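Given next, in structure tokens, is a single chain: the form predicted alone.
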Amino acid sequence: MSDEFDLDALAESFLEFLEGEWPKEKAIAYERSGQAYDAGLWAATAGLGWPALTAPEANGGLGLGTAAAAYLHAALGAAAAPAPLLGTLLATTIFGAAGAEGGHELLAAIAEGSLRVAVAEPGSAAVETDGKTVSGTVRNLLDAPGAGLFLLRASHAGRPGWLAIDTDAAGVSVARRALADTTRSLGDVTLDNVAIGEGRLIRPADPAALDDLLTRRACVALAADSLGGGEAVLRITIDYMKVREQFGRLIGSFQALKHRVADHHAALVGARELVLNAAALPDDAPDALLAALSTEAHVTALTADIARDCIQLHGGVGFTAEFSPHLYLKRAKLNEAL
């Protein structure tokens, strides 16, 4: 299957489902839950086949590419949804690039949503292994507290690769780190003489090329997440400005506020084109990585600025936990940092 699939219809289905399953009231309430992810939401997305989106068809996936993933992550950002699907996207990329698409048992579990994955940042420090056991610490691993599998950068006999480690294996521990963005989680992973299972040391033919591909897909996903969040928080703010009165008038009628909203809207229209262009480029396009990096840098910063101003446009209530703009600001700032 290819991205000739009707991506517009797919994008609409993502948004429609999340609008019903994860309304802003639920998103606001979730912030106080302390959970690493929402189990009910994850089960629902798995039932719809979302983890299978980019997995190879031979392993139960849909075989779609970066453009489809961008639409999915834009919908997740719009809902501020605590569904750790970035690791799924990167895991299917690793196994596919390593030539494991024909039968790696982990891919099938990832595609069906029964296995959540936390993936180390491309280019980060590798843990050293003798091929039988591994010890070391990997810090700031996104979505680690709720994962069932870690994919960590590793070095064996001077050759770089990736290690697939079960989170419940003997010698594995995770220390959760506090985040302002409570829709996601972060953890430090410690490995103490952890045994490496058969087939769990993954050696791609071109590790540097795989790092570039992972970086590109992660940047597109993060940019899309921020774009969806920026569009959502602006829409929420405009709706609020249509009902909030000050000095006997709706605040949406004030020309100065109209200009601010119009500027944000125009900036997001441009950002959407950047994201769609970066997502549509073939993996082997000479400018694919640069487009993804620059798009992520621009769109995440833009969305953070828009979300910050949307808090101001809400007035005094914008600084309270009962309204949702702060969720988008926190999420955008983490995207920017990532």
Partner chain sequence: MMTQTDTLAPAIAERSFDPISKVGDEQAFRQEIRDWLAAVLPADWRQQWQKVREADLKGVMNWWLNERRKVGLATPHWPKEWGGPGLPFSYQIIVYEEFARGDAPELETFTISLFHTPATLFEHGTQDQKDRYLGGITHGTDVWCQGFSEPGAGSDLASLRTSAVRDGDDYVVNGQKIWSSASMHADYCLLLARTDPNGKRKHDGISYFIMDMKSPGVTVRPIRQITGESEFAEVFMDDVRIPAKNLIGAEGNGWNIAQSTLSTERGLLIFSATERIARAFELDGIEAKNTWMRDVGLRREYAGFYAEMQAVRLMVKRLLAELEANPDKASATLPTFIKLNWGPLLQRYGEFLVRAEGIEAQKWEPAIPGTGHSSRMRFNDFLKSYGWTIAGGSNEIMRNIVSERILNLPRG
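Because the structure is a prediction, the values reported are computed rather than measured. Positions refer to the first chain, counted from 1.
The form predicted together with the partner chain is left out here; the points below concern that form.
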Residue 180 within 4.5 Å of the partner chain in the model of the complex, heavy atoms: yes
Proximity of residue 140 to the partner chain in the model of the complex, heavy atoms at 4.5 Å: yes
Contact of residue 338 with the partner chain in the model of the complex (heavy atom, 4.5 Å): yes
4.5 Å heavy atom contact, residue 249 to the partner chain in the model of the complex: yes
194, 186, 154, 106 - the one with a heavy atom within 4.5 Å of the partner chain in the model of the complex: 186
Options 254-262, 87-95, 165-173, 223-231; stretch whose heavy atom lies within 4.5 Å of the partner chain in the model of the complex: 254-262
The partner chain in the model of the complex: contacted by all of 31, 312 and 321, heavy atom 4.5 Å: yes
Heavy atom contacts to the partner chain in the model of the complex at 4.5 Å, residues of 324-338 in sequence order: 326, 329, 330, 333, 334, 336, 337, 338
